[in-house]
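Shown below, as C-alpha cells, is a lone chain in the form predicted alone; questions about how it binds or moves come after it.
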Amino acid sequence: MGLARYVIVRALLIIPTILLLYTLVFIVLRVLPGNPVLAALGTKNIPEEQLQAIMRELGLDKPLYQQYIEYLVNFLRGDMGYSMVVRGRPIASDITDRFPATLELSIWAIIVSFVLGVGIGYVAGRSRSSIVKHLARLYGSITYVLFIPALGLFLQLVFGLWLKVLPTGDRLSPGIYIKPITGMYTFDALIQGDLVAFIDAVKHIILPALTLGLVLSGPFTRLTLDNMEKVMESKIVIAYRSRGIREEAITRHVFRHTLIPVVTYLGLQFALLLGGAVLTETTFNWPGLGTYLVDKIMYRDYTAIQAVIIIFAFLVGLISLITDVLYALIDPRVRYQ
C-alpha cells in the first residue's frame, strides 16, 4: 500500500511539471519578435487581409490567456492542433510518425551507454591495478564532456567516408522496405524475420546510438567504479572473505549493490538522453522527434513546439516514476510509507 500510494502521488506530481514547462515555452514563444505566421510561411510578401485570416484560423488573434487555456484543454482531449507550416496537417500524426524513430534510437543508445559504462566500471572495480582504475575514471570524464555533433561528425568521417563500412544518415538504405509494426525498424525486421532489412537497419543505427551512448556512458563508469570500491571496503565484504567465500561470489554480491544507484541514475539520465537525441538526430539526419522539434523551432510553429515539449516532459516524469519503483524492487531496504 505504501508503494502504491507513492506511485499515485508521484504520478500526480507529473502534472505540475508539465504545466510549468508548457507555460515557460508558451511565454518564450510569444515574446519573440516578429510574426509567427510570416516566419512559418517563410515570406513577408503576403496581403494584410490574408495574414489576418490565417491568424484567425490558427487562433492567434485571440488574447494570450485564451490561447493558453484553449490549447491545454484541446491537448487533454487528444487534439494537439495543426501545423502552421503544413496547413491542415495534424501534429498528432507527425508525432506518431516520428516518435518510434526517437524511441528506437533512445533504446539502443541507453543499451550502449549501460553496457560500456557499467562494463568498464565493473572491470576497473574488480581490478587491483590503480592504473586501470585511473584509466576508467579518465574515460568517464572525457566521454561525458564530448560534444555530440563533433563526435558524430568524427565517426561519420572515419566509418562512413574513410572506411566506408557504415552509412552516415537516415534509417534505411534505398530499396529496403520494412512493413511498420512498432515503427522501430530493427525490431520490426526481427518480428517479420527479414534478416536483410534487420542488418541494414542495424548498420544505420550503429553510429547514432554509439555517438549518444558514448557520451552517456561516462557517468555510469564513474558511478559503478566508485560504488564498487566503496562496497568492497565495507565490513560485510571483509566478513565474507574471512569466512573463505570465493572472490567471484563476493564480486557478484558487490555488483548487485552497485546496481542500485546505477539504476537510479539511469532514470535521471533520461532527460539528458532526450536532449542528446535532438543533437544526435540533427547530426545524422535521423527522422525523429529531435529533428522535428528543430525544424519547428526554425519556423516558429507554436503548436508543434508546444506539443513536443509536453510529450518530452511527460516521458521524463514517467521514466522517473518507473525508476523509483525499480529502485524499491532492487533494494529490499527501501520502503515507501
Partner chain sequence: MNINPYTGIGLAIILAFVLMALLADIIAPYSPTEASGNVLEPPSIHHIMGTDNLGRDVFSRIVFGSRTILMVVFLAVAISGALGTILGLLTGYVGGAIDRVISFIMDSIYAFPSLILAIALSVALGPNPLNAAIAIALTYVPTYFRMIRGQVLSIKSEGFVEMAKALGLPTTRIIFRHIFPHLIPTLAVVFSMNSADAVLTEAALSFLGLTVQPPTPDWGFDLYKGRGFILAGAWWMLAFPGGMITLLAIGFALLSEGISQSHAVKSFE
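Superpose the two forms; the largest set of C-alphas matching within 1.5 Å is the rigid core. No experiment lies behind these values; they were computed from the predicted model shown. Residue numbers count along the first chain shown, from 1.
The next section is about a form of this same protein that is not shown, the form predicted in complex with its partner chain.
In the predicted bound form, no residue of the candidate spot (51, 55 and 182) has a heavy atom lying within 4.5 Å of its partner chain. Stretch 161 to 169 is the contacting one of 75 to 83, 91 to 99, 114 to 122, 161 to 169, since its residues have non-hydrogen atoms within 4.5 Å of its partner chain in the predicted bound form. Taking non-hydrogen atoms only, residue 144 approaches its partner chain to within 4.5 angstroms in the predicted bound form. In the predicted bound form, none of the heavy atoms of residue 204 sits within 4.5 Å of a heavy atom of its partner chain. In the predicted bound form, its partner chain lies farther than 4.5 Å from every heavy atom of residue 66. Taking the partner from elsewhere, residue 12 is found to have every heavy atom lying beyond 4.5 Å of its partner chain in the predicted bound form. The single residue of 98 to 135 lying near its partner chain in the predicted bound form is 134, the criterion being any heavy atom within 4.5 Å. Once the rigid core is overlaid between this form and the one not shown, residue 22 counts among the residues whose Cα shifts by 2 Å or more.
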